[in-house]
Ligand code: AMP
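A single chain comes next, written as structure tokens; it is the form predicted alone.
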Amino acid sequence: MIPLKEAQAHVFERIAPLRSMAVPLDECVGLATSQPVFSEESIPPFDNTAVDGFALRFAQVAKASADAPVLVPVAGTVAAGDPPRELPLGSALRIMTGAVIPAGADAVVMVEDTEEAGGGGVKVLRPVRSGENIRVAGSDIAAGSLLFPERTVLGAVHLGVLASAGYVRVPVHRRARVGVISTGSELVDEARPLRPGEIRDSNRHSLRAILSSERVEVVDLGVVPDDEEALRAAFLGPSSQLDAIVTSGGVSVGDFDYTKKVLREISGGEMRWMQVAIRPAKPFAFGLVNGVPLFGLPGNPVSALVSFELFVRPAIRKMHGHGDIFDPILSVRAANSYRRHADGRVHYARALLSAEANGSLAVRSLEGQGSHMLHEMARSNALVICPDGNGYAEGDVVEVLPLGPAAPAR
């Protein structure tokens, strides 16, 4: 067996970010910038008001108070979107949030600090400071300043900033196109009764869904039987159109040699079969087929998903140009004990991460830890990382890997 970090290093050294391209703004969520992005415009682009109120010169109302309000004539109204105006001397202009500050005005009195007066005037009930309630041009972002550094993963707020700066397309690492295959003559993906020895294919459906959570374009390559020609066609046929292939089954020591033989042949011997010192997901294969990374995951459903978290998800993030490809490891109090025997492996125990009454996080390992027990995996939202040894006791602080983008349950 080899340590997990050694196996991961072997994989990630052979993964490179996908090429940069200018992608339409609204298609960039989850992608990473391929270069620093600068603003060519100031945000906001002009001085504007942060409130509904009255634009004036602050000196006009320097002595205003609720007991001695200052009466100011109102010379008109400025709405958001109106062209710039000039403030008449000695007057105020009613102004709506977001409107251009009139030339000559240096403050805005909130409408809540005024009272309507007869004859088209307004009573100001308190003084204002110079610049009060004015959003100065460039106060958020100055023209020429850095919006986002390279490798920024773009979310909804990032897109709003880019849109406000006038971006229609953004330089990002393009989205990966990944094929998913399940191998094994025992697998069924049809709505019919099972015959003796058959099982339904679950891995492909789970892997397609989890890849979609990483903003991948998923290509379903179906179920492939244990047949050399069928496997060769499945692996080689679409490879020129893909950025990666994820397959499950056929990588364990006891498996028939069909998948291994074909992959060894078409990878030019570069394919590597590893026994990783972890449980579950010990068997794992990786290599390049026509230059395309191929991830061989175990056939057991839980093993396939754990292997995905440790190898495929970080690799996809590296392809997408992310700076941080691993989810953070949390230190959390164990709500129950986990007993194991020393076997030379690190255990990744399925668990439920949740908030306690005091707001702190706690993690509870689940009873069903078999690599075939997919239903228990569906209940979990985290993996407890349990080093080789006898396990841990309730109340111990343990390391936890949250599963995918899901937030801890509360």
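Residue indices: 1-based, along the sequence shown. Not measured: the values here are computed from a predicted model.
This next part talks about the form predicted together with adenosine monophosphate (AMP), which is not shown.
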(request) Using a 4.5 Å heavy atom cut-off, indicate which stretch of 177-185, 93-101, 231-239, 148-156 touches adenosine monophosphate (AMP) in the predicted complex. (result) 177-185
(request) May I ask you to state whether R195 is within 4.5 Å of adenosine monophosphate (AMP) in the predicted complex, using heavy atom distances? (result) no
(message) Residue-level question: is G299 within 4.5 Å of adenosine monophosphate (AMP) in the predicted complex, judged on heavy atoms?
(response) yes
(request) Check whether N203 has any heavy atom within 4.5 Å of a heavy atom of adenosine monophosphate (AMP) in the predicted complex, and answer yes or no. (result) yes
(message) I'd like to know whether P293 contacts adenosine monophosphate (AMP) in the predicted complex, with contact meaning heavy atoms within 4.5 angstroms.
(response) no
(request) Tell me, out of G321, G287, P314, G249, which residue has a non-hydrogen atom within 4.5 angstroms of adenosine monophosphate (AMP) in the predicted complex. (result) G249
(request) Scan I199, A335, V111, A117 and let me know which has any heavy atom within 4.5 Å of adenosine monophosphate (AMP) in the predicted complex. (result) I199
